[in-house]
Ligand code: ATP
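First, one chain by itself in structure tokens, the form predicted on its own.
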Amino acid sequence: MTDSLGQRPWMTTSQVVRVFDALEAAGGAGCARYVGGCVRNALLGAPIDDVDIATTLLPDQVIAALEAAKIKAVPTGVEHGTVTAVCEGQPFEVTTLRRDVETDGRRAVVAFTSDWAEDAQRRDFTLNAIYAGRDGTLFDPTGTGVADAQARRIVFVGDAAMRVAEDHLRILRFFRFRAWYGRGEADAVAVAACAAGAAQVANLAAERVSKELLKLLAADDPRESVRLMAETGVLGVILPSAKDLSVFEGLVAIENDMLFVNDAVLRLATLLPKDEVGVAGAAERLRLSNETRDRLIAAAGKTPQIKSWMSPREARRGVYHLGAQAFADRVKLAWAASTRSAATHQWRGLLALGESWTPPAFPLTGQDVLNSGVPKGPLVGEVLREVEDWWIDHDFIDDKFSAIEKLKAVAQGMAY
């Protein structure tokens, strides 16, 4: 079994060196260790996004140590022992070792400790409870963290039911970590604990749920994990509309086969109600951002109807009315719902057209309508819309003179 990470490039940056130097100046060698995602991902050969540090120093000692070294200290979660060190523009979460004193499934009251094993026991999964010294030496208090990480097993630390009872969000985290890192059969004890606690997910803050859900859906292939969520009843608690996973699975398959970017928001769209009102309600319940909500509502629209055999002219009309993003979203959703694999080149053609064609600006303005003799008032908008419809029907004709002539004809036919 691996007993050291060795010296990785991310361990030797000037920012990391300065933070460790500052902490060790206050607490001595070994008072700080890498923990969590950076250790886990290093073992898995996955990218390192953040470097988190655990320490025996108390939060006020961490702040004093950082400030003495001219490193900015931000008390981001100091009541739970977390101080963010910002060194040369890079943030590091530095957290004091802790143990849970009281939990209610949503939040915890903690006490600080100097015992690394005690800190490990309050973490969620064994592969997240591995520490690494400054030199890369691994410390595995649970005894199975390194082996579980290397085998890509997502296993709760200690008693799975107890870990879930401490924080119900760990149910969603199990499925998220399963989607990102899991391999082979899911741990039966973990699955049973998640199924038993499924109803409690409804008590979590919507923002926490949607954040975890979108992270899960951003994995390369979350299909198995989402199926497992459905089987345990967890998916039905947070997304009651997600009864049929076929379009979701179709979309993931298309993204993987076509090497498209993993689109968590569009994947979420396949699990929401199929109408705009239903989507708006689900977005509100999940407390999604306005931008995400609006994109999901636009993707749920039914007109114009998207078909693989749309002509280029019809596709351009779709892009003009919907915008490039909504058009692309609806094409992918329609493709995912389609069983015609032979139409792949047609679907890709629609996407390519939507990406490459820039809708032209309508050449006329309200002033042009007024100049044609139409009086001020609502009739101006009516005339303008009728001429715009004609312009669209003529495939966005690039001829302002023809548009003016059409405007005159429409204006003459109006009764003022």
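Model, not experiment: these values are computed from the prediction. Note that residue numbering follows the sequence shown and begins at 1.
Here the subject shifts to the form predicted in complex with the named molecule, a form of this protein not shown in this document.
Note on contacts: among 293, 316, 223, 215, the single residue with a heavy atom within 4.5 Å of the named molecule in the predicted complex is 215. Listed residues 36, 59, 349, 27 were compared with the named molecule in the predicted complex; 36 is the one with a heavy atom within 4.5 Å. Contact with the named molecule, judged by heavy atoms within 4.5 Å in the predicted complex, is confined among 42 to 50, 349 to 357, 369 to 377, 383 to 391 to 42 to 50. Site residues 122, 167 and 176 are all in contact with the named molecule in the predicted complex, judged by any heavy atom within 4.5 Å.
In the predicted complex, none of the heavy atoms of residue 96 sits within 4.5 Å of a heavy atom of the named molecule. The closest heavy atom approach of residue 128 to the named molecule in the predicted complex falls within 4.5 Å.
In the predicted complex, not one residue of 302 to 329 has a heavy atom within 4.5 Å of the named molecule.
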